[in-house]
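Shown next as structure tokens: one chain only, the form predicted on its own.
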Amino acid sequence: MRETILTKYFSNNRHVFFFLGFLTLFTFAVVILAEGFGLGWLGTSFVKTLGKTLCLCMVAIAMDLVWGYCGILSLGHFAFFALGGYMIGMWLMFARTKLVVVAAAKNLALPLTEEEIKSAVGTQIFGVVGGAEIPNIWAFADILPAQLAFVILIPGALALIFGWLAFRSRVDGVYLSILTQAMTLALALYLFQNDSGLRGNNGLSGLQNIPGLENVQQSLVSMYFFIASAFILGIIYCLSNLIVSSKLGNIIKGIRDNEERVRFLGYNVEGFKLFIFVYTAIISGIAGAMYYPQAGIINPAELAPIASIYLAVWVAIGGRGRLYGAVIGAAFVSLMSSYFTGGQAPDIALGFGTLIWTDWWLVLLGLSFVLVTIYAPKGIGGVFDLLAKRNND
């Protein structure tokens, strides 16, 4: 019997089959154990942590594609992640505020006009930064399809412009990394300003209150986002694997290993780099749009260059050049960070003092990165490679 295309795909990419299977089982397990639909053994805050972790796995896949497969060490992909969050956050905040204004005006003798509603919404949102008028960049904030399109278009456009300028100038290596970091820092500094139109340091808050779901318990809302995050992660993993397992994937890996040889063979190296850079920026934007409604708030601090450096650390610990390695690294570090910085890890009393994990977590993370770099360059994902090799033998 002839193999179907799907069967052949999974037989050649067994890690995709195992990943989707594990993701499905994990999702069902959380649904059964969580407060929203199941037994109530997992609290709503923990479900939100798991949902956010899945979103971080998405952006880790993007980082692995651009760095692990294409060899571009980008220190700016968390900027795209935050931009996606800002785009959906604008609609969430505008729509929720508009509902509050309309509800408060129900008992008035005369109904508010659209201009009065818009003015009241502007005062509610921007009064904290001394403003009342809605900036021009909020022109489509009350149109959900437009803001969803911006989740893709804005990070993609920024990556397209930046990548075109950088790659056509053949900037690479550490210089390109510095440029991506400078881009992130410049964007963060701009957004910190109150006149940026995005509430400056205050950022966008109350994003967990989804318009139209005011009467739905947060335990259920958190489950909706968790399931959606798992579904989108599965799609992104499959699409990304299609890229790396194709001829395109061979070319970008060739660019990583020997860029000049690939260029000598007649390939448009800059074009391939630009494609991967834009594609991964879009993935990051989608991940951010799913992450911040679960986090509830976004501000310019989320764009700090250190966040993109952490992203590179996650991928290195998980094992770059392996999509599942990026997922493992992001999930592992995210959950460990939640454990050690959330006050769950007990402090350890030593003879000369007390080891407080909230103070020492970053040291532990940095030490882990150094040890993995020196002694296990293939990361945690390398362990699975060894197990797979032994099974084949």
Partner chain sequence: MSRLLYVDNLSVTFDGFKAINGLSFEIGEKELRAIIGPNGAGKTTFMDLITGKTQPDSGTIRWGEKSASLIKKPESKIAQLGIGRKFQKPTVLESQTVCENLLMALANPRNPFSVLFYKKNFEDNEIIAKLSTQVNLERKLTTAASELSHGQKQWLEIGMLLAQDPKLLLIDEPAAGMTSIERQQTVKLLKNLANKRAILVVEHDMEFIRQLECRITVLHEGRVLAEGNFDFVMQHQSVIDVYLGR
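Positions refer to the first chain, counted from 1. Computed from a predicted structure; not experimentally measured.
There is another form of this protein, the form predicted together with the partner chain, and it is not shown here; the text below is about that form.
Asks: Using heavy atoms only and a 4.5 Å cut-off, decide whether all three of 250, 256 and 264 touch the partner chain in the model of the complex.
Replies: Heavy-atom distance to the partner chain in the model of the complex: all three under 4.5 Å.
Asks: Does any heavy atom of residue 152 come within 4.5 Å of a heavy atom of the partner chain in the model of the complex?
Replies: Answer no; every heavy atom of residue 152 is more than 4.5 Å from the partner chain in the model of the complex.
Asks: Although the partner isn't part of this model, could you tell me whether residue 242 comes within 4.5 Å of the partner chain in the model of the complex, counting any heavy atom of the residue?
Replies: Result yes; residue 242 sits at the interface with the partner chain in the model of the complex.
Asks: Looking in the model of the complex, any heavy atom of residue 268 within 4.5 Å of the partner chain?
Replies: Yes, residue 268 lies within 4.5 Å of the partner chain in the model of the complex.
Asks: Does the 4.5 Å heavy atom contact test between residue 116 and the partner chain in the model of the complex come out positive?
Replies: No.
Asks: Tell me which of 292-300, 72-80, 212-220, 272-280 has residues with heavy atoms within 4.5 angstroms of the partner chain in the model of the complex?
Replies: This holds for exactly one stretch, 272-280.
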